[in-house]
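What follows is a single chain, given as structure tokens, in the form predicted alone.
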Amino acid sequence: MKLIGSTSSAYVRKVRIVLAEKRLEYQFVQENPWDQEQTPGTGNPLGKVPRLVMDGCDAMFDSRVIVEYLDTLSPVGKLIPGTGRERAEVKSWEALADGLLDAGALARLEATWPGRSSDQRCQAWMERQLGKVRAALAVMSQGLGDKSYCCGVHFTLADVCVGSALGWLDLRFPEIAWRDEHPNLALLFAKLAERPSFASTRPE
């Protein structure tokens, strides 16, 4: 398997962590989706990463689809329950973490995209998106409570997604003091950072 993506992408990191937790062999190929030389449609018509390439198959894209597939490849470290309420809970955490990232990415693009001048940037739009980020953090904190992991006592994909999102915030929005506002998330993040899968995939 070949994973195509950027080391700064939290969506790519999510997949890399799952690959490490599942002990699956793969080749990592760096690609910046914002590179002008990259052409949308070569593997992913949306021009996004990650993409998972396998022999004899079309590229698989969207991190949610990829991690769902990867979790079926090995019984080691099952991350997504097969059915029922437990599965819905894990997938809801994933949706929340991905939603935080979506909003954060929109705010960052509005602030930094070179295709716009400073006069064209909309502060109200950026604040709206960052408001979603802060709301997502509050819901994460409330949902975690005093539990060991997002879904209770076991490490799941929910923790992979939340940990990846928090790490991305540290990289792109260090001014957001989420540790001070949500100490339970800080404790979870510190615990996750000790796992080899997280330590080896720190965003750059």
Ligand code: GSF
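Sequential numbering from 1, following the sequence displayed. These numbers were taken from a predicted model, which means no experiment stands behind them.
Here the subject shifts to the form predicted in complex with this ligand, a form of this protein not shown in this document.
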Practice item. Would you check, heavy atoms only and a 4.5 Å threshold, whether Lys48 touches this ligand in the model of the complex? Key: yes
Point to revise | Contact flag, Gly167 vs this ligand in the model of the complex, heavy atom cut 4.5 Å | key: no
Review point. Just to confirm, Asp62 within 4.5 Å of this ligand in the model of the complex by heavy atoms?
Key: yes
Check your understanding: Is there a non-hydrogen atom of Asp98 within 4.5 angstroms of a non-hydrogen atom of this ligand in the model of the complex?
Key -> yes
Exercise for review: Choose from 7-15, 179-187, 192-200, 20-28 the stretch whose residues reach within 4.5 Å of this ligand in the model of the complex, heavy atoms counted.
Suggested key: 7-15
Revision key, fill the gap. Applying a 4.5 angstroms cut-off on non-hydrogen atoms, the residues of 156-171 near this ligand in the model of the complex are none
